[in-house]
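Below sits a lone chain in C-alpha cells, taken as the form predicted alone.
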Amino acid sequence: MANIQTPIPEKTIERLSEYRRTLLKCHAQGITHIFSHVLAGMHGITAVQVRRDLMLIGFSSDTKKGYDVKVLIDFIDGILYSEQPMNMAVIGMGHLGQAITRYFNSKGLKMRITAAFDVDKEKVGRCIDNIPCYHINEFEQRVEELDISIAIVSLPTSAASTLVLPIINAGIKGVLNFTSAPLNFPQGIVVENYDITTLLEKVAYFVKVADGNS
C-alpha cells in the first residue's frame, strides 16, 4: 500500500469505494484489465477524474493494457481497510437494523457486523440473521469483548441522543447514524449522519425542478 502522508479528501474516498464495487463485479465477470475511460463511463465522471484519484493514492499501472483489475482492487483495499477486519455493531434491530445487517454481511467487505443491541425483550438474547442481540445496557462491556470499532445507529430518533455517552465511553472510533437527529461527538470519533428523509426530499425537489413545477 502507498504511504499516504496526508488525509485523502472525503469525495475521493467515496469514489474509491464506488470504483472498488465496480471492479469486483468486473473481476467476477472475468475482466482482467480496464481502462480509465471505461471505469469513468461506468460512474458518469471523466477519465481525468479517475486518473487523478488513483494518482492521489499512489497507484500507477501499464496504461497500454489498462489497469489490472485484481491489483487495483487489492490496492484500494489497502487504502480503505486496516490489515485486520473491522467489527461493527448495530444499535436498534428493528426493520432497518435487520436490513442493514443483511446488506453488510452479504457484501464480502472487510468489515462485519458482529453484534446487535436493543431493549426489546423479544430481540435481546436471540440471534437475528446469525448476529447475537444484546441488551443496550451491555454495550460498553460487549464492545470491549468483541473489539468493535464502528457503531451503526438505527434506533428511533427520539432515543438517539441517549447513545452519545455510551458510545464515547465504550471507545467506539466511528459512527454511522441512520436517524434524523444529528449526533455530535468529540474530536477523534468519526461520525456520518445519514438522514434518509433529507436525501429523499432533496431528490424530490430536483425531480420537481426537472418537471418544470415550482
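Start at 1 with the first residue shown and count on from there. Since the model is a prediction, treat every value here as computed from it, not as a measurement.
Although not depicted, the form predicted together with a further copy of the same chain is the subject of the following passage.
Visitor: Going by a heavy atom distance of 4.5 Å, is Arg126 a contact of a further copy of the same chain in the predicted bound form?
Guide: No - in the predicted bound form, heavy atoms of Arg126 and a further copy of the same chain never come within 4.5 Å of each other.
Visitor: Looking at the partner-bound form in the predicted bound form, is Ile136 within 4.5 Å of a further copy of the same chain by any heavy atom?
Guide: Heavy-atom contact with a further copy of the same chain at 4.5 Å: absent for Ile136.
Visitor: If we define contact as a non-hydrogen atom of the residue within 4.5 angstroms of the partner, is Arg102 a contact of a further copy of the same chain in the predicted bound form?
Guide: The answer is yes: Arg102 has a heavy atom within 4.5 Å of a further copy of the same chain.
Visitor: Taking heavy atoms only, is Val143 within 4.5 angstroms of a further copy of the same chain in the predicted bound form?
Guide: Output for Val143 is no: heavy atoms all beyond 4.5 Å of a further copy of the same chain.
Visitor: Using a 4.5 Å heavy atom cut-off, which of 181 to 189, 47 to 55, 162 to 170, 28 to 36 contacts a further copy of the same chain in the predicted bound form?
Guide: Going through the listed ranges, the match is 181 to 189.
Visitor: For a quick check, can you give me the residues of 195 to 209 that have a heavy atom within 4.5 Å of a further copy of the same chain in the predicted bound form?
Guide: Those in contact are Asp195, Ile196, Thr197, Thr198, Leu199, Leu200, Glu201, Lys202, Val203, Ala204, Tyr205, Phe206, Val207, Lys208, Val209.
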